[in-house]
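Let's start with one chain on its own, the form predicted alone, as C-alpha cells.
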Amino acid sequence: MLEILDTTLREGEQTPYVNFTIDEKIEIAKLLDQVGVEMIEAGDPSVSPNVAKAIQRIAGLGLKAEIVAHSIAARSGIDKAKACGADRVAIFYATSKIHLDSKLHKTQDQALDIIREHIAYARELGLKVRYTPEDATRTEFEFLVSVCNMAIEAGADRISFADTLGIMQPHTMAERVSALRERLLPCQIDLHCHDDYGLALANGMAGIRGGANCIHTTVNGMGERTGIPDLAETIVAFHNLEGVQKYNLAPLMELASYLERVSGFFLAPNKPITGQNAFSHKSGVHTNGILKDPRTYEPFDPALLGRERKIVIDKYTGKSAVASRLDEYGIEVTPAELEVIVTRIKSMGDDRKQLFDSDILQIAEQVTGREIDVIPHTINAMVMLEVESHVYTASVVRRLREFTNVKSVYEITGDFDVSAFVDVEDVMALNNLIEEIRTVQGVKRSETRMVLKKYNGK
C-alpha cells in the first residue's frame, strides 16, 4: 500500500528564495497531518538553530505522522536529530562515481565505511534510520545493491532511491526499482524523484508499480531546481487512477493556498489539480458539453477538492455559455437577442484580452433595450496592499499604474505598503480588478475599502 513522506519543510524550503518561520512550519505540519501523510520530513537541524527548534516543536505536537529529521553522514547531525525528538533520521551519502570523485573525494570502500558507521551510530541512539544513496539513479547498479544491503545490515529499515537529477523515465524507473527490490534485503523503498524533465510523478507511480512503498512529495511541487512531485497531484492521481483512497483530500486546497501565501512561490494557472485553470472551460464546444454533462470535459468532479468549475466568456464562447451566465443573474432574452449578444461578445473579444460580467451585462442592456439593475454603478475604492519583503515596492507600484481603472497609487506607512485609488463602473468590475491586482507578483495580501462619500476641495 502506498505511503507518502512529505518533505515541504526540508526539500520545499530548499526552493530558491523560500524561508518559513517556525510558526509557519508548525501550521504546515498540522495541515499535512490532517491530510494523513505517513511521514513528515521536518528539516535538517544542522542547517540553523531555528530549523532545529522547528523540528523540536513539531516533534512535540503529538501528530500521527512519523517525524523525520534529515542529516548528512556526520555524528553531530545525528546527535541534533536525536536532541530534536525526531522519530527517524534520514542519513544521506552520495554513491555515484561523479559525486564520490568530484564532491566527496572518497573511494567506494571509504564510502561504505562512512555509511555503515553512521547508520550504526544512529541506531545506538535509538533512532529509526532511512538511508538515502544520493544520486542513486546514476550509481553503478552492483555498487548500489552492495551499499544498500550494507546499510540495511547496519540498521536502516528504509532505503530512499533518489533520482537526484530527474533523469529517469517511467519504464526504466519501474525496471530499476523491480531489480533493486529483488536484490535487497527486507526493507521499505522510498522514491525521491526530481522533476527536471517533468517526469517526477510519472516516475514515482512507475516506481510504486515496480515494488517501492513510498513517494516523497512537497506541497505545490516545491524543491531544488524544478522540485519533486506535488502532494495534491500525487494524492489525487492515486485516488482516482489507482483506487488509493486513504488520504483526506479536503485540506489540499487550503494547504496549496497557504504555501503560496507564506512562500511567495506562486502556482502557474495551468497547474494540474490546484491551478486556477484546472476546472476552467472556454471553447464553445467544451462549454456546451460541460453544461450538458460535466463528465464530457472534466476528468473528475472539482467538488472532490471543494472547488467549482468556471465558464470563461470571450470570443470562443457559444450561445449555451452566454445563456447560462445571463440566467445566473435572472436575465431572460429571446433566441434572437441571444444571437446578437453572442455576436457582440465575439467582436469585443477580438479587441480585449479579458471580458468581465459587467461587459456582458452592458451588451445585454444595449441589445434588449432594458435596464438591467443587477450591479450598482460608479464605485470608488481604496485597495490596500502588503508587499512581500523580498520584492521592491516600486515594482508593484509600476505594475499598478498600468491598470486603466487605477487612478492613483501611493506608497504608505503602517500595516500596508501601497494604497491604490480605483474607479470602476460597478461592484463586479471592482471584484475583477481586485482579483487582477492580487495576481501582481509580490502582492502578499490586500484589503479593500469602498468609498461611501467623496469630498472635493475644502
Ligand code: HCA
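Residue numbers here begin at 1 and follow the sequence given. No experiment lies behind these values; they were computed from the predicted model shown.
Keep in mind that the form predicted together with this ligand is not shown, yet the notes after this line are about it.
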property	result
Interface stretch in the predicted complex with this ligand - options 75-83, 291-299, 269-277, 155-163, non-hydrogen atom within 4.5 Å	155-163
Option touching this ligand, based on a heavy atom within 4.5 Å in the predicted complex, out of R176, H281, H194, R88	H194
This ligand contact in the predicted complex: F92, any heavy atom under 4.5 Å	yes
Heavy atom of E134 within 4.5 Å of this ligand in the predicted complex	yes
In the predicted complex, R10 touching this ligand (heavy atom, 4.5 Å)	yes
S446 within 4.5 Å of this ligand in the predicted complex, heavy atoms	no
Heavy atom within 4.5 Å of this ligand in the predicted complex - qualifying residues of 215-230	H216
